[in-house]
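The chain that follows stands alone, in the form predicted on its own, written as structure tokens.
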């Protein structure tokens, strides 16, 4: 009975949290209507807020302007959203797999070498994303001029989709970030008694790492990965801009309006909110055991 009441309270709190978050996003989206030059226009803001809520409840009424031609916002924004989601999710998976391989390799080598590599990671982390993007673009162009072979597209034109180089560019800083976090957490995990017990039983380094240590570390990694996701999204905006990609962020920049901005923010926020709530629901008891 207590579990049912506790579950009901948690569900109610989650619904209230979600509702207030959506209201906050809509209020933020309507914020431009609050200002009239240097003065505040509260009445216009409330009218815009109400009008925006009404349009969101009727998605077919949402529009954007393209060279003074008014077009429906759906499904165009979903097409752009799908493109950004593909680059983001591909980079996330590639970066996580690479980081796991790198960290596993680091656990096999001399600790002095690992300390030097940690210092290199700090320096690499400080590299600007723009420098990485431009270096890769210029390298591809240089190779094309030398060999006549264009291995990947360096920029999109019109509605052309470009994915390979944006995924690589987003994966590089993300891999560095994931490697740093995973290495720190795995070093902490290796100091726990169960690892010594597993080693004393003669389990191989591979088995201890992937079957016990990594599982515990990944649970906490995914649970506390909210900051990483927001950092990746900020990098994704820069990448879409430099590659002229047809992603969501460039769509919002090119067709900036209260409706476009609010819908885009909701498309980003809602899946992240659901991900963390569902993950927390199914792993909270495991996390208590791990921590």
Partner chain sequence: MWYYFIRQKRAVTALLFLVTLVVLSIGNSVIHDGEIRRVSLLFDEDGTVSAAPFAPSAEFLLGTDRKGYDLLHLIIEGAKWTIGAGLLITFMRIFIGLLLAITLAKFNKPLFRSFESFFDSFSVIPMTMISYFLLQHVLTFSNGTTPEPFYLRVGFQMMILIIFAVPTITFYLGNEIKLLLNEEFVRSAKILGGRYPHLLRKHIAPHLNPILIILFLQQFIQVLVILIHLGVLQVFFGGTIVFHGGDIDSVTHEWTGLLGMYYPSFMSHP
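All of these numbers come straight from a predicted model, not from anything done at the bench. Residue numbers count along the first chain shown, from 1.
Keep in mind the form predicted together with its partner chain is missing from the figure; the text below concerns it.
Check: Would residue 44 count as touching its partner chain in the model of the complex under a 4.5 Å heavy atom rule?
Finding: Flag for residue 44 set to no.
Check: Does residue 238 reach its partner chain in the model of the complex if we count a contact as any heavy atom within 4.5 Å?
Finding: Residue 238: contacts its partner chain in the model of the complex.
Next item on the list: Would you check, heavy atoms only and a 4.5 Å threshold, whether residue 48 touches its partner chain in the model of the complex?
Entry: No, residue 48 stays farther than 4.5 Å from its partner chain in the model of the complex.
Note to self: Within 4.5 Å, heavy atoms only: does residue 234 come near its partner chain in the model of the complex?
What the structure shows: Taking the distances in the model of the complex, the answer for residue 234 is yes, it comes within 4.5 Å of its partner chain.
Item checked: Partner-proximal stretch of 210-218, 165-173, 134-142, 91-99 relative to its partner chain in the model of the complex, 4.5 angstroms, heavy atom -> Among the listed stretches, the partner-contacting one is 134-142.
Next item on the list: Only one of 129, 76, 189, 83 comes within 4.5 Å of its partner chain in the model of the complex by heavy atoms, so just point that one out.
Entry: When its partner chain is considered in the model of the complex, the option within 4.5 Å is 129.
Note to self: Please identify the residue among 256, 54, 244, 61 with any heavy atom within 4.5 Å of its partner chain in the model of the complex.
What the structure shows: The option sitting close enough to the partner is 256.
Checklist line | Those residues of 206-226 which, in the model of the complex, come within 4.5 Å of its partner chain by heavy atom | finding: Only 226 sits within 4.5 Å of the partner.
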